[in-house]
Structures are given as C-alpha cells and as structure tokens.
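In structure tokens, the next block holds one chain alone, the form predicted alone.
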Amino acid sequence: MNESDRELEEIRRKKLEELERKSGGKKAIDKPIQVTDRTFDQVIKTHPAVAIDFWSEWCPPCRFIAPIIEVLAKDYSGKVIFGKLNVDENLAIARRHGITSIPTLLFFKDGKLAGRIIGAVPREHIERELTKIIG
C-alpha cells in the first residue's frame, strides 16, 4: 500500500467514525436489507441515500448481480442503504415503479427517485449512479 492509499484509507476510517458518532453510535448498515411492499416507503424516507435491487430467485442475472450488491453495501456503508425487494413476493411496489425487467436497481435521494439501472451491469456502472446521489 503506497502513501496515497494509506492516506485515503485513513480519511475513509475517520469519515466512518464520524458517521457512526452522528448516528448515535449505531453501527452503519453494511449489508443489504430486505425490503417489502410494507416497508418500502419507510426505508426510502428514513435514509437519505438508498439503492433498491428489484430481483427474483429464478433470475440468473439477479444472481449475477447479488454479490456486487453485497460488496457495495459494505463499501458504501454509512453512505448508502442497500435494499433487496423480491418482485414475486412484493408486486405492489414493483408495479408502482414500472418494474418490467429484473434486475432493476432504483436509486433514491431524500425519498425521491434519482436514478435507475436495468439489467446486470458491472460494479463501475452502479458506482457511477451512486456518485450522483451521494456526491
């Protein structure tokens, strides 16, 4: 690890500590949470930056993207909440947002839809959308 990498890691560590202090000492969420028709609105209104993965168990592209979502949830812990909504079990929210293909990722900033990605895409593509909502 070179000096620049060490400096960046130290900045990241301090930022995470600051976020934990601001959240009352609660540990930041570092894995995707399960989202349902009943909890969806609360999740997007409670957290300033949210990414929801609309998926299904039978969907191979959904299984392809799942590990990417897991890693991003860890890497963006304290900045973005990642959620997973199974479209087979939660039709109302999928219909409300016009989900006709999966996987679909919806990005919310301050409770408002801020971006959408349809299909299994590389991590870098998802991160470009994330930077739009978290700066």
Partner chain sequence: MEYWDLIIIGAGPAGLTAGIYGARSGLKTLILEEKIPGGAAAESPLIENYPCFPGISGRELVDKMLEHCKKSGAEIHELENVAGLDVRGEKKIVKTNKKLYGASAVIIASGCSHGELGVPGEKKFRGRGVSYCAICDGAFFKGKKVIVVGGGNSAATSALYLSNLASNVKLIHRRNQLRAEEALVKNLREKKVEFLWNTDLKEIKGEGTVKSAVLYDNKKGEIKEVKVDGIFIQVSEVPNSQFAKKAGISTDKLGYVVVDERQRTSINGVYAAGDVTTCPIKQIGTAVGQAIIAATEAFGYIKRPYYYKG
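The structure displayed is predicted, hence computed values, not measured ones. Positions refer to the first chain, counted from 1.
Just so it is clear, the following notes concern the form predicted in complex with the partner chain, a form of the same protein that is not shown.
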**Prompt:** If we take heavy atoms and a 4.5 Å cut-off, which stretch out of 101-109, 29-37, 74-82, 45-53 is in contact with the partner chain in the predicted complex?
**Reply:** 101-109
**Request:** Indicate whether the partner chain has at least one heavy atom within 4.5 Å of a heavy atom of Arg116 in the predicted complex.
**Result:** yes
**Complete:** When the partner chain is considered in the predicted complex, the residues of 43-70 having a heavy atom within 4.5 Å of it are Glu57, Trp58, Cys59, Pro60, Pro61, Arg63, Phe64, Pro67, Ile68
